[in-house]
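Let's start with one chain on its own, the form predicted alone, as structure tokens.
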Amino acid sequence: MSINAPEASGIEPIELSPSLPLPLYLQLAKHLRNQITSGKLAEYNALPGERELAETFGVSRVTVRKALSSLTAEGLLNKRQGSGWFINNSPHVEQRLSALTSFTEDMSSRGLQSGTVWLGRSISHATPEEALALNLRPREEVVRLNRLRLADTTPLAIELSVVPTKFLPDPFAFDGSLYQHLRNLGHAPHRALQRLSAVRLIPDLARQLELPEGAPALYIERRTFLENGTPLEFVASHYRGDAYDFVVELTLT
């Protein structure tokens, strides 16, 4: 048995089947997720009400509510009390991992206006983890740059960059691209190693990224090196899971 849903409010038809191993609410959530991330619902700010969606797809309001709640947890929807469910129209970025570029350069190449909200910048002693990552002596001084990164005013990532003071003496000497500033100082980033992990946002990070607590995110640790192999930078970042796709090209050898 299958349930045919007619088109309503810009949402394309879909077949929901109780005979599939995937529950109906996850089938509906998957379909709505594809509609949102593909941009097909970009012109619609709000979804139809729960009752209309339930009638449209031939399911219960409980099923609809579970589907919408799961999409809200992913950051794709926002629920406004008394107003309904609204699409989160944040920019969606596809970033290739084959090139080392700064956030500012990434946004510029996509026609987006990058922005920064400074959460903190200071000079302090390196932690044992930072000293190991940057090949420093214990308690050697480093610059810490904690930034909320924006694209067209939408928060996309929180970055904590740690750079030895021998490469970046003054954390207040720039406001734009860190990599461009390092190039101007004669310390051009040359290559990097990155490690990506899937995480759920803790309350403080979720609030800064304007997402619900527990929303999925990508946690990235990066070590950046000079051309001679000297460690230049250690970065720990949280990227919105609903706004970033990281792409890498693989070839057979």
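What you see is a predicted model, and the numbers here were worked out from it, not measured in a lab. Sequential numbering from 1, following the sequence displayed. Think of the rigid core as the biggest set of C-alphas that the two forms share within 1.5 Å after superposition.
There is another form of this protein, the form predicted in complex with the DNA, and it is not shown here; the text below is about that form.
The DNA is not drawn, but in the predicted bound form it has no heavy atom within 4.5 Å of P216.
Within 4.5 Å of some heavy atom of the DNA in the predicted bound form lies at least one heavy atom of W85.
The DNA is not shown here, and in the predicted bound form it never comes within 4.5 Å of any heavy atom of R183. Taking non-hydrogen atoms only, Y239 never approaches the DNA to within 4.5 angstroms in the predicted bound form. Here the chain stands by itself, but in the predicted bound form one stretch of 199-207, 185-193, 31-39, 46-54, 46-54, has heavy atoms within 4.5 Å of the DNA. When the DNA is considered in the predicted bound form, only one residue from V235, L24, I11, L232 comes within 4.5 Å through any heavy atom, namely L24.
When the rigid core is held fixed, the Cα atom of L232 travels less than 2 angstroms between this form and the one not shown. For S83, a C-alpha deviation of 2 angstroms or more is recorded between this form and the one not shown after rigid-core alignment. In the core-superposed comparison between this form and the one not shown, the C-alpha atom of A192 has shifted by less than 2 angstroms.
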